[in-house]
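Heads up, the chain below is alone and in the form predicted alone; it's given as structure tokens.
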Amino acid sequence: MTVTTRLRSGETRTAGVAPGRTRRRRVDSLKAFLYVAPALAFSLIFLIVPTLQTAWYSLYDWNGLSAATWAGVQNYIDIVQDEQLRDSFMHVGVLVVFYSFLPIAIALLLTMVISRAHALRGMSFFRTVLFLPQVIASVVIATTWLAIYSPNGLLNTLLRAIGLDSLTHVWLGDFNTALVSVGFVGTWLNVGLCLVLFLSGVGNVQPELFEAARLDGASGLQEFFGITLPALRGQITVALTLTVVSSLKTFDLVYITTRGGPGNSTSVPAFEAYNRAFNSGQVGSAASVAVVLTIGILLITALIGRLQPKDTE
């Protein structure tokens, strides 16, 4: 490569770029590629290829063993026509309320109360306890709540102890309460996550803003809606993304506590995909459910991401 420079006298001078510098740039580029190559290979082998393979399986009627027959888009049509599959997507919509909207609302309320306090002793311990469910294995959480909801479990025992025997219930065995009971587990699970996110956001707000608002006689609600809530827009977007995605891909909690029952009252898409693939021999149908669920998660995540405030310089 050459660079031509025109001098003031009108003469031109040609200078060449050192070959060593070009070679060094190529080596640096190769090194950079080698650094990311393992991650790219991992994603290709364990994410991209299986995803494409699942999408291919969804176009066939296959039981996982014998020869597959072409089904086209029939498996996707069945998602709309099959009442059991249709109900599973409706159930996960209900779980979004319990897994996402309720935890965010409760965490915002707690954040408003805590931000008004001048000093709260033991805040670090408080945050740790609330965040603890996030680091406990989901199998342990599901098993614990299965015991709590059992006929002789902690919940019914407490109700009997305070004289509310009429409210005791087979919480996970009733068509009317099973899905709500599973949803409340999600609420308990995600409140701590949302609260920790919101408290970290409040910690980034200048204390002078709160002091000025209090000197002006602002009420707790005015302070919350005027200062705290606008400052937490980014954290709310993150919390909304994490909690909505966790509700849409719910599987282990349902699998351990209810197995989709009683009847079909707690079935969700992830459980239906598993059940059809490994128990019913409907691999094509399971693959179509997985593809629709994946696309739904990606679209919802993209929509929620639009709420994220843009960085301003």
Partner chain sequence: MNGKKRNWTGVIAVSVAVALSLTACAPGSGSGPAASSGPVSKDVAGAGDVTLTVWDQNTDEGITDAQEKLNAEFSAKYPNVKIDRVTQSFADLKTTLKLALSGDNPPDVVQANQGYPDMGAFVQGGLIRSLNDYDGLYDWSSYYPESLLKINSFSADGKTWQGDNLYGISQTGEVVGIYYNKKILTQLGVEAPTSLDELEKDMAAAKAAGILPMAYGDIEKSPGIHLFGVVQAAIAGSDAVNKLVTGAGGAWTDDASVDAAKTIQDWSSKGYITEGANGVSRDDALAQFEAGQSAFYIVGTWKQAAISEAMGDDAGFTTLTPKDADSPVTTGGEGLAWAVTTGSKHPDVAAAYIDFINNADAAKTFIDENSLPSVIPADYTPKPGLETDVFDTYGKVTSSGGLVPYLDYSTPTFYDTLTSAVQQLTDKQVTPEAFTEILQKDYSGFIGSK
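Just so we're on the same page, rigid core means the largest C-alpha set that superposes within 1.5 Å between forms. Since the model is a prediction, treat every value here as computed from it, not as a measurement. Residue numbers count along the first chain shown, from 1.
From this point on, the text means the form predicted together with the partner chain, which you will not see here.
- This chain lacks the partner; the member of Pro230, Gly173, Gly93, Gly72 within 4.5 angstroms of the partner chain in the predicted complex by a non-hydrogen atom is Gly173.
- For Thr257, a non-hydrogen atom is located within 4.5 Å of the partner chain in the predicted complex, even though that partner is not displayed.
- Taking non-hydrogen atoms only, Ile79 never approaches the partner chain to within 4.5 angstroms in the predicted complex.
- Contact between Ile236 and the partner chain in the predicted complex is not found at the 4.5 Å heavy atom cutoff.
- A residue is said to contact a partner when one of its heavy atoms sits within 4.5 Å of a partner heavy atom; Gly226 fails this definition for the partner chain in the predicted complex, lying far away.
- Residues Tyr274, Asn275, Phe278, Asn279, Ser280, Gly281, Gln282 are the members of 274-290 with a non-hydrogen atom no more than 4.5 angstroms from the partner chain in the predicted complex.
- Once both forms are fitted on their rigid core, the CA atom of Ser29 lies 2 Å or more apart between the shown form and the other one.
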